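Before any questions on binding or motion, here is one chain by itself as structure tokens, the form predicted on its own.
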């Protein structure tokens, strides 16, 4: 089996049975003027990983391996959003409110689109998820099962919230998970560093981590 030089040790995967999951690289989180910046966050670190995520996407596209994009979003009537999620945060704007890029975290609004450089190509799956994890209330598990995929590479934002949550969901379902270290980011650098350490602690209790270029080289 092909192997990737990773931490805490080499990550191996069956040929043709590896998929890329890119988490929530949507405008409201990544672009200036979106929901993330309205909350007072510096979005520049998230925007900075866009070229790296693109290299990862290009590597998987060249290898003709499955690619799944996710967006955190809700129905316009918010019937798929728990009241506790709507109430949490108590910022100036919340889920469903009108923001600079349309209604916040509402599927179909401009801010809920993927950033243009990372737009899905025909044949790539886009999953709209109502929660932090990509398995909850989505068809992700079914799609992976239908393709016989048991190994996943993750990228996207934010490292400690939606990326880590999805990795832990996948880990509990038996998937072997690898996080692209430089293709994920947080508004809080310490949170990213802590998440990477937690993922690969105790012999890879959640999974593995490796740089994007190392992953792409192995795909070739």
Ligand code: TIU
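Fair warning: this is a prediction, and the values are worked out from it, not measured in the lab. Residue numbers count along the first chain shown, from 1.
The same protein has a further form, the form predicted together with the named molecule, not shown here; the description that follows concerns it.
The three marked residues, 38, 93 and 107, fail to reach the named molecule in the predicted complex, with no heavy atom of any inside 4.5 Å. Partner contact region in the predicted complex: 151 to 159, out of 61 to 69, 48 to 56, 167 to 175, 151 to 159, criterion any non-hydrogen atom within 4.5 Å of the named molecule. The shortest heavy atom separation between residue 132 and the named molecule in the predicted complex is within 4.5 Å.
For the stretch 9 to 29, the set of residues having any non-hydrogen atom within 4.5 angstroms of the named molecule in the predicted complex comprises 24, 29, in sequence order.
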